[in-house]
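Just one chain follows, in the form predicted alone, and it is written as structure tokens.
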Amino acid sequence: MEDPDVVVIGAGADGPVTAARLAREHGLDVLVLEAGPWHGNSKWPKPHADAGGTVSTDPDDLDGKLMDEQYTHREADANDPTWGYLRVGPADHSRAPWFRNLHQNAFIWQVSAVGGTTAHYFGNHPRAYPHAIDEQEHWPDEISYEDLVPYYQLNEEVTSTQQAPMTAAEEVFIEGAENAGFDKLDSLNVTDTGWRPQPNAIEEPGRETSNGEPLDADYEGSFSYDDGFRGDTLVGDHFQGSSTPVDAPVRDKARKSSNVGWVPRALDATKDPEMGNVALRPNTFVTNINTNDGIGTIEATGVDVRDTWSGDTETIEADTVVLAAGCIESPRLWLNSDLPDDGWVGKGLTTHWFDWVVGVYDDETVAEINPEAEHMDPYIGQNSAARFDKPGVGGMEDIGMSPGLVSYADYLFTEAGYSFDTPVDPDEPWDTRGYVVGKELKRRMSNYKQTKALLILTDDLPRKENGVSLNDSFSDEHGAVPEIKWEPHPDDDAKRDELSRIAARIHKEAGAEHVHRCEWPPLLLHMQSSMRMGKVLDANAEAKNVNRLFVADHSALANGVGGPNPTNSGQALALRTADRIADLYY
């Protein structure tokens, strides 16, 4: 694309949302630059072995069968952070992943690719708690929760967000939650404490097949796309990328990660003469944001980029630049571009202070709750289909995953030490905590079908001590590497402890015979607020010190949205930011 109106840096969760809105609603020409590969596009048939094409503007380039081949159900092939197809690094897998300097016991889990980290998320799409927007100083006064609701509604429509279906695993969670005295919540705008089905961006099948046969337990026909059956409600492969229904076009894959839900919609604009154009270039790393002197302040004029396969560099000019590279790369690029820093760029990083509480059940208990299933089968169903909310403290999610991932999460990711050497306070509601190893680990893993995990997500608030800066010693081909720090505040510790006790209580009330608390170290997965509105950005999400430079990713969020997964909130805010760009400059 020659002379775009807007350059968007990053095609992760939020960049394609911004591009689609700018082109479809405002008629602008938008170039989206993505550092990672593009799966499921015929111009890149071997995205990790061959450079492939340069740019795609045509939705017909999207190929669902090719995506089926590239996304497997093998856990390590997908998720190994060094060589998996969902990693942070160049598409060329003969090269190492990109280095981030992290001086603590913690783990960063992100993906560089078209679709970004949504390529391996569970599809959970709850809204922020209203109080996290309306009642906290960390959010700009100019935006209320009510202002965001129309954008939430639009995003939920595009991403087919709906209540997750229940399986035997969720029935056990609900049994425990209700026995513990918690009621079901019926609102998407949560202000009370209770449990509810997850609002998931996963399209569910209709009530009958395309042949008109009823969809019930007696149905014996095919579940392929050719029969019109859509949805992967019971597949549970979302952390591998999820390419179901097999053979379906990319836009009809059930789980609406950004590359499925928003990228086709953005490219569709190019075929409509009434709309603007969208072009997307993968394998293109932005190394600098260029500026000119403006009236009273500087103004963004474009970017310098580097092809990650050839190493070739070029300059792209644009009227407006949008940063959507994520909570680590957006501040890194800002700082490497020597843009003005008033002390808050990269600061205030939040990541929900996760923990993981495991319940092990006997056959009789599960069968009594759910006589037809008899056991839970954690790999069946949507990865997280039920949740618990406590505004002001945080929430938790009922989790089921494939065996390797869930065993690692259950027993091998902890900061508490070895379980056989870690005492448990007799007043606490869990039986063990920490690493489980040796014969005991084998025994626990053999109980996989009777084991349920609850993921804790706290309402942690931004602190200036946490964030992203440039490392003084290490650089790569794109400049100084990011140095990342996140430590919990004592208030966050207290919230995590409270939620973990509630989780253990839910397990006990459902009849768990053993409860294990993992005590995870920091997991940088749900990152927010490193370029937040109210500090680095104004209420339009435009940089306070650089005109025509906007941020449209989770780093623009002013806090951790109270604990719920941030994807829906980040995308809703990106839609609003696209409208503000058009109103201000076009």
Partner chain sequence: MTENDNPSATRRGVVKGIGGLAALSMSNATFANAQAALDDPLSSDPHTADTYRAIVDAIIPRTPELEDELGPEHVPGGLDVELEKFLIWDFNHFQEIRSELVSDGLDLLDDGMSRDRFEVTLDLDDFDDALDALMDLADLDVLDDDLNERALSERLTFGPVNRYKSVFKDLDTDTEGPAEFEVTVETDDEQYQRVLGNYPYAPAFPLVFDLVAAEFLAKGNNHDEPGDYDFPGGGTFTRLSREDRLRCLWTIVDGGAVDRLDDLIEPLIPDVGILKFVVMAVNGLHGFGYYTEWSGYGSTKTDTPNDRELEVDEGEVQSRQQTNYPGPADGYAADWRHAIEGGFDDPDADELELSDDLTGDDVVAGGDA
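Keep in mind the model is a prediction, meaning the values are calculated, not measured. Numbering follows the first chain given and starts at 1.
Although not depicted, the form predicted together with its partner chain is the subject of the following passage.
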| query | finding |
| --- | --- |
| Proximity of Thr320 to its partner chain in the model of the complex, heavy atoms at 4.5 Å | no |
| Heavy atom of Val437 within 4.5 Å of its partner chain in the model of the complex | yes |
| Non-hydrogen atom contact His238 with its partner chain in the model of the complex at 4.5 angstroms | no |
| Non-hydrogen atom contact Met445 with its partner chain in the model of the complex at 4.5 angstroms | yes |
| Its partner chain in the model of the complex reached by all of Asp80, Pro197 and Glu372, non-hydrogen atom within 4.5 Å | yes |
| Heavy atom contact within 4.5 Å of its partner chain in the model of the complex, the stretch among 470-478, 283-291, 256-264, 352-360 | 470-478 |
| Candidate from Met275, Ile316, Val158, Leu102 lying within 4.5 Å of its partner chain in the model of the complex - any heavy atom | Leu102 |
| Of Arg505, Lys485, Arg251, His138, the one that lies within 4.5 Å of its partner chain in the model of the complex (heavy atoms) | His138 |
| Contact set, 129-147 vs its partner chain in the model of the complex - heavy atom within 4.5 angstroms | Pro130, His131, Asp134, Glu135, Glu137, His138, Tyr145, Glu146 |
